[in-house]
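Consider the single chain below, provided in structure tokens and representing the form predicted alone.
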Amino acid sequence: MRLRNVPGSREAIAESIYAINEPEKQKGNWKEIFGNNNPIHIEVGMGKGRFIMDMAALNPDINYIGIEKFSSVLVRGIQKQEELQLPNVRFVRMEAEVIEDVFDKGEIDRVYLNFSDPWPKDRHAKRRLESREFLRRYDQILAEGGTVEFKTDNRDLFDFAVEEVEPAGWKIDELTYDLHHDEKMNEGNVMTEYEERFSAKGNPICKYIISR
């Protein structure tokens, strides 16, 4: 279970050079934050940041922004980044629902969704990051040819996500129900902390890549 009450976490985030405060003021200007014109990939719900920092280390020509709503979790990623000092990583504490207020149309090239909260009750379906409501939001910020990549061990959530693709006007480019045994899709796969934990228990990992 995620920690949600770390004393001083909000203050640490506000003081960090790697966290962007008042991110809505950067809308349309994110490339200036990094000082280059490299593609920008975001992870919505980055947790402690292992995945996004591993990706940034492997791909120095891509800029990464980690989004997390819980300050007590985000601060762990900031602490790790202060040790690594990767030049192509920044963090934002925010709710995913306001993503259109933070990023301009065409400003983002890829969205990663890793082991998202399943919101299992039907009345909460619109809160799922893979819902058609959220796909509409991603559509507003993704560049032409941009993609969304989603991984989970929750089969019910994955089935829901797959069913949402077509009604939202998207298409499935690649899909697997057992990522680690899919030679093509697993090539170059960077695991998250949850992915390591769940796959070690024998849980198959589902993944899709979708585009408009």
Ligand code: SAM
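Keep in mind that this is a model prediction, so the values were computed, not measured. One-based numbering along the sequence shown.
The following text describes the form predicted in complex with the named molecule, which does not appear among the structures shown.
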Requested in this report: Would you mind picking the one in A56, I40, M46, A161 that has a heavy atom within 4.5 Å of the named molecule in the predicted complex?
Outcome: M46
**Report entry** Selected contact from Y177, F34, W170, F70, since only one has a non-hydrogen atom within 4.5 angstroms of the named molecule in the predicted complex
**Finding:** F70
**Report entry** Segment that reaches the named molecule in the predicted complex - one of 25 to 33, 46 to 54, 141 to 149, 161 to 169, heavy atoms within 4.5 Å
**Finding:** 46 to 54
Query raised in the report: With the partner absent here, would Y18, Q81 and V102 each sit within 4.5 Å of the named molecule in the predicted complex, counting heavy atoms only?
Result: no
Query raised in the report: Though only this chain appears here, would T192 touch the named molecule in the predicted complex if you measure heavy atom gaps against 4.5 Å?
Result: yes
Query raised in the report: Looking in the predicted complex, any heavy atom of A96 within 4.5 Å of the named molecule?
Result: yes
Query raised in the report: Is L129 one of the residues lying within 4.5 Å of the named molecule in the predicted complex, judged by heavy atom distances?
Result: yes
Query raised in the report: Even though the named molecule is not shown here, does F91 get within 4.5 Å of it in the predicted complex, heavy atoms only?
Result: no
